[in-house]
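Given as structure tokens, the chain that follows is alone and in the form predicted on its own.
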Amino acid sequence: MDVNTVEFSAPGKIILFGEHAVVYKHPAIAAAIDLRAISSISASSEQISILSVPDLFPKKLFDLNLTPLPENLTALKFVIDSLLEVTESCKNPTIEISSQIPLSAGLGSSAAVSVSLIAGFSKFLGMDFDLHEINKLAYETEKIIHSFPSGIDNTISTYGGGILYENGVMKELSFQLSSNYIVIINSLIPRNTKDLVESVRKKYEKNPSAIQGIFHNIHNIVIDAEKALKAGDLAQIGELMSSNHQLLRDLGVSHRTLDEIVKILDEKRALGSKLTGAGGGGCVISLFDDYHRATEVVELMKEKNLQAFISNFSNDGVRNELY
């Protein structure tokens, strides 16, 4: 069905266990969070196609028929061109993309934007994309941005909920873990996922046995974490988070500030803490068994001029916001 106005959103994510190793076909556990990217699309009243990304370029409109766009919009242009190639629609879109998800923080902002845009623009063009097709194109978009993505970000953003992801295969993972106990702290240190993934790849090529040993230990943590999550064993989950962080430090993808945040969280009796995502900056996630203590930590981190919040998990993946 051809429509003239659509709005779709898709969630960000946290990786609870297994980042970096997941790129090398080891398992990882991720969950969608209640921060979302939103793509709003309507038929343009002009004979031009317009793209607006106010979070990056306030008050600036881009004519999609003119090139080149800024480098950080290349992936969005890829989505738009890919969909236009397989449709006979002659409509000129006005596209506005916004996001509640901090950029370059390891929370899956690029995947959420891509997924929301693919779902929204395909609907606008009268195409009947299912979740599999949305996820497939979003993965191609992630490759443009990150070169060697695991596929986990686009998958969790498309389907939502909690998943165990391994070698391109997603398994829904239900676990007994109250989201009130997860604190996310953004170090506000920007990092580049592509560069960090490539740095690990170089280390792997130089010393495969050592890096594979780290990946093997992370793999075992993920297996134990799956059991602990299903059982709701908070103490075990926390211990595994701390162990996973140490292995990521050994891998060389942590950062001095992230380690300092983890140390403070340990002092505040967190059950466990770790970086989430590519590392090198971005966010730390922390597990508490006391909501009051979690809120105190949020305020403490804000006093240190860091972003901090208690996250809710999201069972919803990409969704239509108008219907």
Ligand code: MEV
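Because the structure is predicted, anything quoted here is derived from the model rather than measured. Quick note: we count residues from 1 along the sequence shown, nothing fancier.
What comes next is about the form predicted together with (R)-mevalonate (MEV), which does not appear here.
278 is the sole member of 31, 270, 278, 283 with a non-hydrogen atom within 4.5 Å of (R)-mevalonate (MEV) in the predicted bound form. Shown without its partner, this chain lists 244, 150, 122, 187 as candidates; in the predicted bound form, only 150 has a non-hydrogen atom within 4.5 angstroms of (R)-mevalonate (MEV).
Here the chain stands alone, but in the predicted bound form its contact with (R)-mevalonate (MEV), taken as any heavy atom within 4.5 Å, falls in 190-198 among 130-138, 87-95, 190-198, 206-214. Remark: residue 301 does not count among the residues lining (R)-mevalonate (MEV) in the predicted bound form, judged by a heavy atom distance of 4.5 Å or less.
The shortest heavy atom separation between residue 23 and (R)-mevalonate (MEV) in the predicted bound form is within 4.5 Å. Interface membership of residue 15, defined by any non-hydrogen atom within 4.5 Å of (R)-mevalonate (MEV) in the predicted bound form, is confirmed.
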